[in-house]
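Given next, in structure tokens, is a single chain: the form predicted alone.
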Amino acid sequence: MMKILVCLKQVPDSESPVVIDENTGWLREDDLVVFRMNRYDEYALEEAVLIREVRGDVTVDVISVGPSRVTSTLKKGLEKGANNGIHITLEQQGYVPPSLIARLIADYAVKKGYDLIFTGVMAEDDMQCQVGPLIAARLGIPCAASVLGETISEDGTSVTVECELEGGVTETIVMPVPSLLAIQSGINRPRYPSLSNVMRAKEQVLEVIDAGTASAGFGAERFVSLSYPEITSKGTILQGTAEQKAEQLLNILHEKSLL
């Protein structure tokens, strides 16, 4: 039986307002902020489910670190086909360093004997791609980033992966199992949840692990500051007919010595 662990991150929806909390220095969370699954992680989960459909003897677990709201993302993972959900509860306010997230997930995974660990290629909110490689480093297993495809050997002892490099170049590497793969977007087409999985997810109980004071004394990183972009010069909207707008534009270009 092959075991795959998929790491999910809950991120604010891009349409939600971005407000910096004066107390924490990080993003404010209120009723106006909508959270959802990181889209890059959807590809990682879909790839794990596709492997299970091909091989059959595969269990897919999803795991996430965060406060109680993370439950909705784990439930969504179950709706999309995962077998089990693991919630590492961390009620820490403000910025949470990726090295801490990686440590918590690695500490759980090392006891479970996963053959493959999948993450999305990056997180939508901070555009970082650190958690996956950090997990691999802590577990002492190989890691491949920007994975465009993978083929698991018949005996399940190795995985051949195709990775995207800069300039449209790809490389193919063979890694032993266990390994960690950071899945690139576009590798597949994430499915919509089926009704049967939605009903199952509603009743299924998540495995809950309390991280407690895991961040106490954790000094690998130090959050410095978060600020809004500097306000640059505003644009000018020209009013009037097409002829009037053209004349106004011509005058502006002359004033700026651009003509």
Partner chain sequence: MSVLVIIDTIENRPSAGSFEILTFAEKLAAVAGLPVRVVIAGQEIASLAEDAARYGFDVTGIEHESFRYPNPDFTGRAVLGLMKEYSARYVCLPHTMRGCQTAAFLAASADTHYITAVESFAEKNDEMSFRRALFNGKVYLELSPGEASVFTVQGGSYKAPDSRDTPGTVEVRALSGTPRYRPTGVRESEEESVRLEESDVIISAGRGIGSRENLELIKTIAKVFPNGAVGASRTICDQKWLPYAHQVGITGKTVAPKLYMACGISGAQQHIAGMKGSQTIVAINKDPRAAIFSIADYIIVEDLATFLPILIEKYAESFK
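Residue numbers count along the first chain shown, from 1. What you see is a predicted model, and the numbers here were worked out from it, not measured in a lab.
One more form of this protein exists, namely the form predicted together with the partner chain; it is left out here, but the text below deals with it.
Engineer: What I'd like checked is whether M37, Y108 and L195 together line the partner chain in the predicted complex, meaning each has a non-hydrogen atom within 4.5 Å of it.
Structural biologist: Looking in the predicted complex, the three residues M37, Y108 and L195 all stay beyond 4.5 Å of the partner chain (heavy atoms).
Engineer: Work out which of the listed stretches, 25-33, 48-56, 62-70, 199-207, brings a heavy atom within 4.5 angstroms of the partner chain in the predicted complex.
Structural biologist: Correct option: 25-33.
Engineer: Does I252 reach the partner chain in the predicted complex if we count a contact as any heavy atom within 4.5 Å?
Structural biologist: Yes.
Engineer: Is there a non-hydrogen atom of Q130 within 4.5 angstroms of a non-hydrogen atom of the partner chain in the predicted complex?
Structural biologist: Judged by the heavy-atom cut-off of 4.5 Å, Q130 is in contact with the partner chain in the predicted complex.
Engineer: Answer yes if any heavy atom of K112 is within 4.5 Å of a heavy atom of the partner chain in the predicted complex; otherwise answer no.
Structural biologist: Taking the distances in the predicted complex, the answer for K112 is no, it never comes within 4.5 Å of the partner chain.
Engineer: According to a 4.5 angstroms non-hydrogen atom cut-off, is D155 in contact with the partner chain in the predicted complex?
Structural biologist: No, no contact at 4.5 Å.
Engineer: Out of 133-154, which residues reach within 4.5 Å of the partner chain in the predicted complex, heavy atoms considered?
Structural biologist: Contacts from 133-154: P133, L134, A137, G140, I141, P142, C143, A144, A145, S146, L148.
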